[in-house]
Ligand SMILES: Cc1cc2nc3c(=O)[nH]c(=O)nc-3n(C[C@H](O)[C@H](O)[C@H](O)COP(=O)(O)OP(=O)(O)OC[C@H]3O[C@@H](n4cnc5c(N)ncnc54)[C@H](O)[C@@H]3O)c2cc1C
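One chain comes next, on its own, written out as structure tokens in the form predicted on its own.
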Amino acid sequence: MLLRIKSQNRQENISFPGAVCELPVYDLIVAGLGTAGVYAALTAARYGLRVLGIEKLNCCGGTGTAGDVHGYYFGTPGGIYEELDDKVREMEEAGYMPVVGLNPEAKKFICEQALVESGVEIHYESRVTGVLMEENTIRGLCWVENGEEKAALAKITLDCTGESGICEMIGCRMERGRAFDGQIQPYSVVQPEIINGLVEFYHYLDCGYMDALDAGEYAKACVNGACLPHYNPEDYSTRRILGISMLLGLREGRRIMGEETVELSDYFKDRVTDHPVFYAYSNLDNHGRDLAFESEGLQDWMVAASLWGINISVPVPLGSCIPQGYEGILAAGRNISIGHDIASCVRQRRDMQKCGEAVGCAAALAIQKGISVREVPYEELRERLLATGCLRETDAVGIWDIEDGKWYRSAWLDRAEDIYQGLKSHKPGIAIWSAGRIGGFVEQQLEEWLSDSDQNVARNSALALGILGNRKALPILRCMAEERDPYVPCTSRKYNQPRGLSAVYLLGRLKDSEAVGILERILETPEDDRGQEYRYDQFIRTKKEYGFQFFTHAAMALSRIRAAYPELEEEITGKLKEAMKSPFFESLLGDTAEDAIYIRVAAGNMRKFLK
């Protein structure tokens, strides 16, 4: 067997120099023993496979250990991760340092103990340097450990590196960030500290943007995050800082192009897999503050309908973990084949742990049967996943809403009278989206409701019609934008959008040439709030940030109108250039406030685009 090496540092494939017959042989190699990798390796080993785990850090577990993330944000229960979490709690009850949530140090120990007891061979402080290949089939890996080059063969290799490092080496097709500018979601830094004798992690702060593929930028981000004023209080009388987490909280990175891809647009149209291996459950937890640059579908959801905080349950197929065109390799974790729009949901730790278990189980089945992972019988895989709780029928729910501090199962509305009452309420988003889903007879009702005596009904009907692409909504949308309608719905638990901002977005979506003057005036005076007070939340905190929202949405709306009407190109281009030189825009680029990095980066990206 003639093997060739593919790596980042070699421009061409070269023959493997050693004797292949002398290399150790494993059933499975797991590259990256983080959030997904631990459970992939553990699952495969429990099925009797010989497993090698390669990890660049000196511990396993990922963000839940080295990242000091104590708790969970949504995701679904069930699966072998719960077994390990229970053991962590038992350690705490036996006298280990008590914390809020799960103790990261205890979880390091429990994860490592589980791997060792199951027979996984762990290699810490090791970096993969190359991939052994035969044609398009991955046969093993090369890595450096303690300055020594090593290599091993395997029947299947798992890429659990978070940034698809193994898949990138072999030339897999990749995606990263959003379509507009390639920007990924912000990263966070966690600072564990002791407050009143209990380890807390209250200081979990979004720190801005950075490229995790750039080692220098990553190192700088670690230093900058640790130096933020938020992490350096003047008064330490009641707080004892334990340090800064060694692993940054990365929400998004490089994703493979898989045999199947989970897309938000498909989810919206109910085009989902009927062969899930796990479910992701969360809201579209996008931490960005520049929604004007996101896709139309995401803006329909978050800006027009204010549905940021509404949770969805997303079925994920095994095909999203199989890189296109290659054999002998699977991916697990946030690097699987998911679109940017839905990646903010399909990334929660509970679900990524389940992803690892599902992929480990699929690899075990393929190896035991001597077949390709593409040929793994779904029913048999499903039965194994149901047995551990990794896959649960109860996870296949619709949407969820919050009221009075409790969660209720909700469904999209399908009757005109229910939609009317929803549009009339203080939480109109479900009704707006339901009307957009139904269209047809409801669209005719919405047109009639534009004249309703209840202003909420009339204006929310215009938002629903805007999502449907119905231009009869334009007169009211123009009115809302001109007034900068300050009404903020309560549909979402936070990150609701002022109705005037929703209207600005929809005027651009509908490419309304008659709204050009209104949008240009917003560009000129973006901080004009007409004497109204906005309700701030976690993401939008100041009048300037609201001005930034109106400015960016107006600019993007004008750019859409410019593309549709060539005769307006000169006028709109001139106005956009003037806006890029305005004192307000210059203040965005030069703002040095702690939170200003978000708008600085977004403003810079917008200037590049609008040139």
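Take the two forms, superpose them, and find the largest set of C-alpha atoms that agree within 1.5 Å; that set is the rigid core. Residue indices: 1-based, along the sequence shown. Please read these numbers as outputs of a predicted model, since none were measured by experiment.
If you look for the form predicted together with the ligand, you will not find it shown, but the lines that follow are about it.
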Worksheet item: Quick one: of Y267, F293, Y204, Y420, which gets a non-hydrogen atom within 4.5 angstroms of the ligand in the predicted complex?
Response: Y204
Discussion item. Give me the residue from T261, S313, S188, N103 that has a heavy atom within 4.5 Å of the ligand in the predicted complex.
Written reply: S188
Practice prompt. Could you tell me which of 344 to 352, 305 to 313, 378 to 386, 363 to 371 sits within 4.5 Å of the ligand in the predicted complex, going by non-hydrogen atoms?
Written response: 344 to 352
Fill in: C160 within 4.5 Å of the ligand in the predicted complex, heavy atoms
yes
Practice prompt. May I ask you to check whether Y96 falls inside a 4.5 Å heavy atom distance of the ligand in the predicted complex?
Written response: no
Item to complete: Answer for R127 alone: is it within 4.5 Å of the ligand in the predicted complex, judged on heavy atom distances?
Response: yes
Worksheet item: So, in the predicted complex, is G333 in contact with the ligand at a 4.5 angstroms heavy atom limit?
Response: yes
Practice prompt. Note that the ligand is not shown here; using its position in the predicted complex, name the residues of 245 to 260 with a heavy atom within 4.5 Å of it, in sequence order.
Written response: L247, G249, L250, R251
Discussion item. Once both forms sit on the same rigid core, is the C-alpha displacement of Y218 at or above 2 Å between the shown form and the other one?
Written reply: yes
